[in-house]
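Below you'll find only one chain, the form predicted on its own, shown as structure tokens.
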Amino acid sequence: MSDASVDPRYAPTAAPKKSVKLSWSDPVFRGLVWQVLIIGSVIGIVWYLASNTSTNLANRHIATGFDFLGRVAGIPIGEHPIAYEPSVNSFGLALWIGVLNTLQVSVIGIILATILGTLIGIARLSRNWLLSKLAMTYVEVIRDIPLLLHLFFWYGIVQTLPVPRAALNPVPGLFLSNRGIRFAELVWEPAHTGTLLAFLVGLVLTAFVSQRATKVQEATGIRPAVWPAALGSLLVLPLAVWAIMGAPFTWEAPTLRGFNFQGGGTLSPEFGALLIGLVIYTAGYIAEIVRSGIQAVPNGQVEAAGALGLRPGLVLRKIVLPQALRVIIPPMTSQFLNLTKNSSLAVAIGFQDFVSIANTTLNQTGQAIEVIALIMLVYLSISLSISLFMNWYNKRIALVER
């Protein structure tokens, strides 16, 4: 039958178009309206605050902008990892030195606090009654004392050390006095830079070989030996570069001249007190995190390892701690962030970290908004970097269902 013979009454008709009605009862429409209102309100508030601030600054003839970073600072800085001259260098370089000082105390503090906190956390679970009680006393006492008092206490202890002429000399090349800690320092030369770069290359090569060995083990059940490649990459390669570039190895020991030591490396009393206070205080919290992480591992794991004849130390390193890390890492990240932010209390004992130098810059330039914005930006960047690294590591060690 042809199409012309089809009765028009039975011919198919197009589906009616649905009309779109915007109704407050529609959750999608209601959510969209609320989002627009909230975003609009935030933008309006920010615009009002910025406009009001700009008007007030203009009325009071206060300069704005970051041009002050290029002006000569004139701020004396006792500890500067890079070359700095107050009468020549700018505020920008002075603030950068403050960032480096903050990073220095934060990185060293995180490493030492992690080691000390882990040891104390393990000691709390020891079967030795005395060791366990000592660890528990440490945790309970340290966490109940404010960090600022820790800093004052250790700074006072450092100030009680003898003068440089009567400095303590526990080992050759190391002197302890109220001027700080003086120690023998390696004279850095280009050969040492080349050796360090070779070692970093060796770390990358070792990680690559280890990853390949893991893939082979997953595929065949047999793991190839990684130690020959690690030995060659981490030891032989750097030593070869060092020998080819002349093998320099010269130490500069501190010597007493006049009323103080000259030469060698130095740690100021302020840096030492800040580092000791941060490490001891943060280690108390890390110890509890480690203890809870270890206790989260099922006892059956330990009992099964003991049934196989494994020694307690081996069980802890190979079975308990790797599983406990999945519980330890998230709260440990918070403690790393706390240590970094708590380093800003250095201003209380005179250590020139970023906050201390920024406060001096604010007083000399009067540009509070810009300086406060820089402080917020620096600490936000450092905190985000720590969080990103720890989240990456936490994701890397997470259990993956196959």
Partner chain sequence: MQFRFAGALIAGAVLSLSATAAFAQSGSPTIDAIVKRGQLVCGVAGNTAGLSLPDSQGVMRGLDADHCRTVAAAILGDANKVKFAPVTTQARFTALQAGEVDMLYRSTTWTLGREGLLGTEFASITFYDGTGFLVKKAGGVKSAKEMDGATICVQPGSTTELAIADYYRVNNMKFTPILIQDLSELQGAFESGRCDAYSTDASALAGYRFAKGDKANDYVLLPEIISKEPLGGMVRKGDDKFFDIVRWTYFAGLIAEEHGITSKNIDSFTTSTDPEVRRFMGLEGDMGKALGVDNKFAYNIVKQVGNFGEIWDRNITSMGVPRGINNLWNKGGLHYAPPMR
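Remember, it's a predicted structure, so these values are computed and weren't measured experimentally. Numbering follows the first chain given and starts at 1.
Note that the form predicted in complex with the partner chain isn't included here; everything after this is about it.
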To test your reading of this chain, name the stretch in 129-137, 217-225, 201-209, 269-277 whose heavy atoms come within 4.5 Å of the partner chain in the predicted bound form.
269-277
Selected contact from N178, Q301, T193, S90, since only one has a non-hydrogen atom within 4.5 angstroms of the partner chain in the predicted bound form:
N178
Name the residue from I329, I77, I122, L116 that puts a heavy atom within 4.5 Å of the partner chain in the predicted bound form.
I77
Honest question, do R71, A348 and N359 all end up within 4.5 Å of the partner chain in the predicted bound form by heavy atom distance?
yes
Using heavy atoms and a 4.5 Å limit, would one call E189 a contact residue for the partner chain in the predicted bound form?
no
Would E252 count as a contact of the partner chain in the predicted bound form, using a 4.5 angstroms cut-off between non-hydrogen atoms?
no
Exercise: L49 in contact with the partner chain in the predicted bound form, heavy atom 4.5 Å:
yes
Heavy atom to heavy atom, is Y155 within 4.5 Å of the partner chain in the predicted bound form?
yes
Counting only non-hydrogen atoms and a 4.5 Å cut-off, give the residues of 40-59 close to the partner chain in the predicted bound form.
Y48, L49, N52, T53, N56, L57, N59
